[in-house]
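Below you'll find only one chain, the form predicted on its own, shown as structure tokens.
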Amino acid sequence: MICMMQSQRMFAALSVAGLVMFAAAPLLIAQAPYESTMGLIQKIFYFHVPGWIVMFLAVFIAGIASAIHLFRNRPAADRLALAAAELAVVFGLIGLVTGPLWAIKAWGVWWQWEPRLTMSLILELTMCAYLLLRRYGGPGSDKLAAGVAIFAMANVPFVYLSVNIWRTIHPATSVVPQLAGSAPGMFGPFVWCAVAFLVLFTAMMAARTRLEAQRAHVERLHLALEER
């Protein structure tokens, strides 16, 4: 009971903090300077990049938790992996929607089959495959899905570094670190938005993991009643 109350307080605090940060984000973004070549459309950057950062984090959590479940058979880790995988798909979708909206103005096309974009789409589809496998795979699908999550986690570094390895029209990974020195007016709002996304992700993870724990508890009660 105490743990549940603490979880509810944490969720409420994170939800309020996230709401305040997202409410203030448009004001900070509006005050940020325009990028010299792309103009207003560049401001999608403040949502596009944090969305992918959180997506990568969610994939790593799903992969690590899946490895723990696969090799040590920990149901709690499996529940964490499932919650993280669902959020990875949600935040990955944010990146895949905002990316083309930015690209049509910056590149003149909605989509390019270049390494970063193609590998990002494959990563998103891999996490969708994980969820489909968990939903329709039947008995033992949790173990097989764990392998899919580990595979997805192994792909994250390749997605991130692809713009540095292959010639691509996508900006390199050095863009964000350079903002701290060359464009502090952009870097501040970007950090604010990134933290806001992380706070939102943490609140959603807390709620989703708690839901999975309650569902597992109900299933145990149901099995206990059937055995009587």
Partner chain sequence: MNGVMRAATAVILVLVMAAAGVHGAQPQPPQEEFVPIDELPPGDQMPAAPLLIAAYAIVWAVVFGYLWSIWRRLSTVEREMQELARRADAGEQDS
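No experiment lies behind these values; they were computed from the predicted model shown. Positions refer to the first chain, counted from 1.
Omitted from view is the form predicted in complex with the partner chain, to which the following refers.
Is every one of Val54, Asn73 and Phe187 within 4.5 Å of the partner chain in the predicted bound form, counting heavy atoms?
-> Result no, not one residue of the spot touches the partner chain.
Just to confirm, Leu40 within 4.5 Å of the partner chain in the predicted bound form by heavy atoms?
-> Result yes; Leu40 sits at the interface with the partner chain in the predicted bound form.
Any non-hydrogen atom of Tyr46 within 4.5 angstroms of the partner chain in the predicted bound form = Tyr46: yes, in contact with the partner chain in the predicted bound form.
With a 4.5 Å heavy atom cut-off, would you call Leu87 a contact of the partner chain in the predicted bound form?
-> Contact check for Leu87: yes, within 4.5 Å of the partner chain in the predicted bound form.
For Val176, is any heavy atom within 4.5 Å of the partner chain in the predicted bound form, or not?
-> Val176: no contact with the partner chain in the predicted bound form.
Name the stretch: of 137-145, 73-81, 151-159, 104-112, exactly one has residues whose heavy atoms fall within 4.5 Å of the partner chain in the predicted bound form.
-> In short, 104-112.
Residues in 189-215 close to the partner chain in the predicted bound form, defined by a heavy atom within 4.5 Å, in order | Phe197, Leu200, Met204, Ala207, Arg208, Arg210, Leu211, Gln214, Arg215, in sequence order.
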